[in-house]
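Given as structure tokens, the chain that follows is alone and in the form predicted alone.
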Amino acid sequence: MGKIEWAMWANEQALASGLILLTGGIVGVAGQFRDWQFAAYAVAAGVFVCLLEYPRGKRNKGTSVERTGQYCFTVCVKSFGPLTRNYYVRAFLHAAICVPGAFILATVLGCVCLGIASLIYLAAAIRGEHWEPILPREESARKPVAESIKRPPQNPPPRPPAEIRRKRAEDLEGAAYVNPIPITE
């Protein structure tokens, strides 16, 4: 069995919880709930969490797929250095951010989800994982495509075996493809 990369799960959970926190904050502010100031905080916290968690980290296996448009966010997150690379810092940051969201009903779900993401980040940090940015690959590193792959096949399938296809056209009898299965009517 393979080793679980907890940081990948924490990233997805934290991004979803940031969106939920943002949505709950908008509902709380628009509805003028009692203590709606906590909802306004949740809007700001949700935006911050989404900006922090939008760039995916590189997986250990190397099969990382970046999100659309994540490069500019990656540069911003990478510029903070060890504060954003260390998952202990992220775990405690998310735990601290989610506490004020528990005081108003509209943001409780986002708060709980962010707390779960904090626990998953803590598990990732204990296992020694850290955030590495996915940087764009150089296009020159790609292997050139062979000429035969660029051209489509000339004859439709089923194609005869290669040794039969290479026979000369001068010998029409020898060049003809013989069906090994006799056809009986």
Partner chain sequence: MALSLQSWIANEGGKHFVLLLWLGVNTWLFARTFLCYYSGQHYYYLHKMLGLGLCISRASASVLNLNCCLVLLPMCRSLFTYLRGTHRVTSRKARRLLDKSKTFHVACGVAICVFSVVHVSAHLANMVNFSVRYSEDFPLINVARYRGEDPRLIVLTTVPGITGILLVLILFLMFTASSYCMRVSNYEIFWYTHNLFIVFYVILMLHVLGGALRYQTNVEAHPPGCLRANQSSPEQTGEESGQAVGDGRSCKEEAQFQPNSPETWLWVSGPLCFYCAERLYRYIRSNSPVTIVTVVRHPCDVIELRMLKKNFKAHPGQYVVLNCPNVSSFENHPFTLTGCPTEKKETFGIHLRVVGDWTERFAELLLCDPRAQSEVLPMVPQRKYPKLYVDGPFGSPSEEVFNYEVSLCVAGGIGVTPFACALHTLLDGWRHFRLRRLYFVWVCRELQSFYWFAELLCALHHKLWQENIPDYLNLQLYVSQTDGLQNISEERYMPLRSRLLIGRPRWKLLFEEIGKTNKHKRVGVFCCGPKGISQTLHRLCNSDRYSGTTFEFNKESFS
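Keep in mind the model is a prediction, meaning the values are calculated, not measured. Numbering follows the first chain given and starts at 1.
Below, we turn to the form predicted in complex with its partner chain, even though it does not appear here.
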Checked Phe48, Phe33, Tyr54, Tyr41 for heavy atoms within 4.5 Å of its partner chain in the model of the complex; positive is Phe33
Picking from Ile97, Ala91, Ala106, Val77, the single residue whose non-hydrogen atoms come within 4.5 angstroms of its partner chain in the model of the complex is Ala106
Please check if Lys61 has a heavy atom lying within 4.5 Å of any heavy atom of its partner chain in the model of the complex. yes
Interface membership of Leu83, its partner chain in the model of the complex, 4.5 Å heavy atom rule: no
Does Cys72 reach its partner chain in the model of the complex if we count a contact as any heavy atom within 4.5 Å? no
Check whether Val27 has any heavy atom within 4.5 Å of a heavy atom of its partner chain in the model of the complex, and answer yes or no. yes
Residues within 4.5 Å of its partner chain in the model of the complex, restricted to 119 to 134 and counted by heavy atom: none
